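Here we start with a single chain on its own, the form predicted alone, put down as structure tokens.
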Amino acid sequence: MSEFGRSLRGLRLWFAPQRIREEGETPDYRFSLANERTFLAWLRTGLALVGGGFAVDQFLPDLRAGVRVGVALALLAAGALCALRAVNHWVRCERAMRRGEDLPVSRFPALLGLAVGLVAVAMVLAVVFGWTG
């Protein structure tokens, strides 16, 4: 199966997770539940980022409009990506466990950490230098 075919099948499993049982063998339930807890942790992270985006937009009206909107949009986009990544990672891990393969690796945690770090630096600069509009 091509990479595109695997990606399309993975996307279908987002909306029909019962079909994942067609692959491999049922893993130890503890591993499936740990996979689900990781999924929920990524969702919580996504919700926190969305909340942070709204907070920056609503509660920092003194920031220059471009800075405020830019930081808010960056946090909202990171939250959306985090939620989408949570589902994709859950499906990929569940399939790997059922097939007895190594768990998938991703650069997403490093990219998300860098993005949150950049937003934090921007907010520190805004607070220290008082970028008000």
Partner chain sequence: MDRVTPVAGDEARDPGLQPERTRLAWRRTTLACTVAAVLAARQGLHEGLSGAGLPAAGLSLLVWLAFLGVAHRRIRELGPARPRPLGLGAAAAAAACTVALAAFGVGVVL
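Numbering follows the first chain given and starts at 1. Keep in mind that this is a model prediction, so the values were computed, not measured.
A second form of this protein, the form predicted in complex with its partner chain, is not displayed here; the remarks below concern that form.
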Does any heavy atom of residue 44 come within 4.5 Å of a heavy atom of its partner chain in the predicted bound form? yes
Exercise: residue 104 in contact with its partner chain in the predicted bound form, heavy atom 4.5 Å: no
Residue 87 within 4.5 Å of its partner chain in the predicted bound form, heavy atoms: yes
Hey, in the predicted bound form, is residue 80 touching its partner chain, heavy atoms inside 4.5 Å? yes
